[in-house]
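Next up: a single chain in structure tokens, the form predicted alone.
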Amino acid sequence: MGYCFSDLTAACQDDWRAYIEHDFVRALGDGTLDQGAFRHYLQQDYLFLIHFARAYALAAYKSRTLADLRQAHEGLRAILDVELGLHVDYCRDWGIAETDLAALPEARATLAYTRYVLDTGHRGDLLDLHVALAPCLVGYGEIAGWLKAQPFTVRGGANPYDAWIAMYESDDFQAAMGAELEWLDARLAEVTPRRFNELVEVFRYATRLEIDFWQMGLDRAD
């Protein structure tokens, strides 16, 4: 019997829950997050998206099949042509100009996470890279679903972060998450126990770096 993505989260359950249910996420849900902390997170997330695009370019290079190459191309196109534009517009709504975004220095948590993903992709194979990216793509979709189910989550105009939640619970994002899970499940089904344990360590470290990214936003850390 092969492995699947849920086996990764089960192997890293404590870290995964600490990420999904982080204080930053809870404060997003109930609308109490300090707005300065959210702005800091938004700015650093813009920088992360740029490196996320680079990771998809690396995925294209690492692809051995036309199907994987097309998937990498679609991921890169979605970030460059859609997500970054939406992010810039969203930042503008929060009083952050695109010129300000372009001049931002990277926080240490941003550097650590993005370079870990890229380094993992360079020294490993395509599956290593996807597993390192999974806490972001799959995690944000799961976070939106978790917040939607919580009694403390405030929706609509009473929550200044409602649009953020809506972005990641949208049909488009959930479909992208579903496609990634399908890809991961198909590849994980073929790995040996030894290889799975290696991937668990990649996933655990990436998840911990996601936790650090939330904390960076919460603390407004450089």
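Here the structure is a predicted model, which is why all the values come from computation and not from measurement. Residue numbers run from 1 along the displayed sequence.
Below: the form predicted in complex with a small molecule, not depicted.
Residue heavy atoms within 4.5 Å of the small molecule in the model of the complex occur in exactly one stretch of 146-154, 99-107, 115-123, 131-139, and that stretch is 131-139. The shortest heavy atom separation between Phe213 and the small molecule in the model of the complex is within 4.5 Å. In the model of the complex, none of the heavy atoms of Leu58 sits within 4.5 Å of a heavy atom of the small molecule.
Taking the partner from elsewhere, Ala27 is found to have every heavy atom lying beyond 4.5 Å of the small molecule in the model of the complex. Though the partner is left out of this view, Phe173 does reach within 4.5 Å of the small molecule in the model of the complex, counting heavy atoms only. Though the small molecule is absent from this view, in the model of the complex it lies within 4.5 Å of a heavy atom of just one residue from Tyr168, Tyr161, Phe196, Trp183, which is Tyr168. Site annotation in the model of the complex: the residue of Val191, Leu49, Ala37, Ala179 reaching within 4.5 Å of the small molecule with a heavy atom is Leu49.
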